[in-house]
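What follows is one chain in structure tokens, specifically the form predicted alone.
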């Protein structure tokens, strides 16, 4: 048996990260002698860990909290998306170079197009949240030709900062709205609603963002970046109104699919990867 090619994820905490299950299933399905390692790395040790990644010839890497921004100084180059987003969740090897990518937003966009059948070009979107996931999703929607984006967040400073950076880097039509009380009312002019907060994430499965969908267009697509549970309270409400939805599992699978294809150069077994994730979460 020849030596396995190595990939993995660095983060803390990282024990519950499900990406390894998905990637290992994909490697096995294609008969690849590749391994995906889940590695706990404290912030002060990130530089040493990246030296180890180089020394051991890792072919690919994922970064999760709190390393998505901190890893940038330890890389040789960033993709255009990663530069615009200002964060890296995937690293690929190119010869001796380590290249930073961001597949989170691309995963969301691919799910929107392939699973929901929606192209964001020319649409009016409302994005709830201003963290890392929101930043990635916003960037990819803008690059895909979104007409207008409204960022809604409880923290005014954080929300305004995101909007200012998006406008400066892309020149897009983006505005900030502080989360209104008691809830955010979605009107008929909105084509796409995205929850990029962690509200509703396991174990707080009964929680949902304070949002009212009664006035929403019947053609709106309601999306949730939360992947566990796959059907959040937000999506359950949207379906009760007969609205089209897109769950966070779609984004998680597709960002993993893109990472797999970047690393291996092979078409990813998408169904195998999704089935592995669903089995892990049940």
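Predicted, not measured: the structure shown is a model, and the values here were computed from it. Positions refer to the first chain, counted from 1.
This protein has a second form, the form predicted in complex with a small molecule, left out of what is shown; the following refers to that one.
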Among the candidate stretches 166 to 174, 193 to 201, 93 to 101, 78 to 86, which one is within 4.5 Å of the small molecule in the model of the complex when only heavy atoms are counted?
193 to 201
Would you mind picking the one in 71, 112, 142, 130 that has a heavy atom within 4.5 Å of the small molecule in the model of the complex?
130
Contact label in the model of the complex: residue 226 to the small molecule, heavy atom within 4.5 Å:
yes
Could you confirm whether residue 62 comes within 4.5 Å of the small molecule in the model of the complex, counting heavy atoms only?
no
So, in the model of the complex, is residue 125 in contact with the small molecule at a 4.5 angstroms heavy atom limit?
no
Should residue 252 be classed as touching the small molecule in the model of the complex when contacts are defined as heavy atoms within 4.5 Å?
yes
